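As structure tokens, one chain now follows by itself in the form predicted on its own.
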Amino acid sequence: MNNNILIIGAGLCGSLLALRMAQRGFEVTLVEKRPDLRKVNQDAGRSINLALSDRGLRGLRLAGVEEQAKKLCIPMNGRMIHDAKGNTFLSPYSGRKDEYINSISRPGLNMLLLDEAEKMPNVQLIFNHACETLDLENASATFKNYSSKEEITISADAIFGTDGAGSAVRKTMYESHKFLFSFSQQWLSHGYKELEIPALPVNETNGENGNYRTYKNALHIWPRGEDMLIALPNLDGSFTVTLFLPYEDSDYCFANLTSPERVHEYFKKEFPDVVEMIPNLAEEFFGNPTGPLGTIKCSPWNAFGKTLLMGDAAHAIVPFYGQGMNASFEDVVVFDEILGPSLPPQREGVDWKTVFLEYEKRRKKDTDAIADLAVDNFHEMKEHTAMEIFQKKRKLETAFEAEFPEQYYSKYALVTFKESISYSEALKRGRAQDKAILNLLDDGKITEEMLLREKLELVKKETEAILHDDAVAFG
């Protein structure tokens, strides 16, 4: 019975996969190159806060840890847009009252999953071991202990590479000469840097927001066209702030923000309301690293029916739809569905090659779709959210969702709140809807005098026409 599996990478995807596969009865070895994050201090400035939404919650629900994870969450009901003059307005994510996303700490959620995996008697956790070599055909890997420098070799019936965007498993597949492997890596011209809005001192409060310096239940955005600042709330009253800025060739960019004076000049001009909320702005700016933003696509995800890539190792995306973690958790859900309803491994064993091929066939087009949507949303967040026509579109969509909750889902809602449809279908329908509304608004065909239902019927008709034209054009 081939029920012995090796998972390389104990991040979010690997930890959830280990937990779920152990629940199904597999013998699981989970190996991570970094130290156990439950026993070491986290480096500041290296982890964008995560937005947990329905697709991710579905994966946590599958493994029985949804309610525990929700205790780590802060609901965010919409985008709080900050203009250059310090004015704000809240753009709800949905017109339906029960739809929102959640701010959650990456380390906090990862620790929860590791704790639950460790409770399973059929899970072995190994930390501080880097993957040195990988035998794809025979499903074995050699790891080196960072501390002792000793090497160990682990063999399994199947290997899962969940070791992130810089995957050693994927690199081995790329360098193999025994099958054709396609790989692309597209970098944005922007990088990111994390800062922090600290909680108010213990003797100060901000009304209903308690010790939070600004509105607690929103994802805050300062869109400035070429650059952007976002902030997500943390449980301790602070906000994790992320600056997205070009590396070079701009009036303000990472290449020329080289002195405290220059940093303060930039923030006072573009984000004046933020300056007073970050007391140690320059110190944090120069103390925290600048990280790159890129999209990785590759194929095939499996090698010889023995090794499979999942999560960021297979499909790393930029963070602007808040779907990187959610997509990785959905990977586990889809894989679990393909394995079938039986909890323990079948007595005769698993046909891993067939399972891996079916998984990639079902999943690849959807991860490609969310990668493209994430780049789209980058431009939407930094530019379009401040545009009048975009704000009109969002108000119209929110009204549709509030009045006709079963008849209309915006593109954002299709991706974020409607996990019953695939990312690829959400991309196709969502883009058509966006185009339809923007065209109708720009042409003046949607007027204030029209009833909301009339507006909806007009949008639906135009959307179907665009979908038909696209089907004809692209087959």
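Note that residue numbering follows the sequence shown and begins at 1. It should be emphasised that the depicted structure is a prediction, and the values quoted were computed from it without experimental measurement.
Separately, the form predicted in complex with another copy of the chain exists; it is not shown, and the next lines address it.
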- prompt: Since exactly one of F286, Y247, F404, F304 fits, which has a heavy atom within 4.5 Å of another copy of the chain in the predicted complex?
  reply: Y247
field: Heavy atom within 4.5 Å of another copy of the chain in the predicted complex - the one residue of Q185, S147, T153, N203 that qualifies
entry: Q185
- request: Mark D442 yes when one of its heavy atoms lies within 4.5 Å of a heavy atom of another copy of the chain in the predicted complex, and no otherwise.
  value: yes
- prompt: Is there a heavy atom of M450 lying 4.5 Å or less from a heavy atom of another copy of the chain in the predicted complex?
  reply: no
field: 4.5 Å heavy atom contact, L438 to another copy of the chain in the predicted complex
entry: yes
task: Answer with yes or no whether P292 is in contact with another copy of the chain in the predicted complex, where contact means some heavy atom within 4.5 Å.
output: yes
query: If we take heavy atoms and a 4.5 Å cut-off, which stretch out of 236-244, 87-95, 317-325, 186-194 is in contact with another copy of the chain in the predicted complex?
result: 186-194
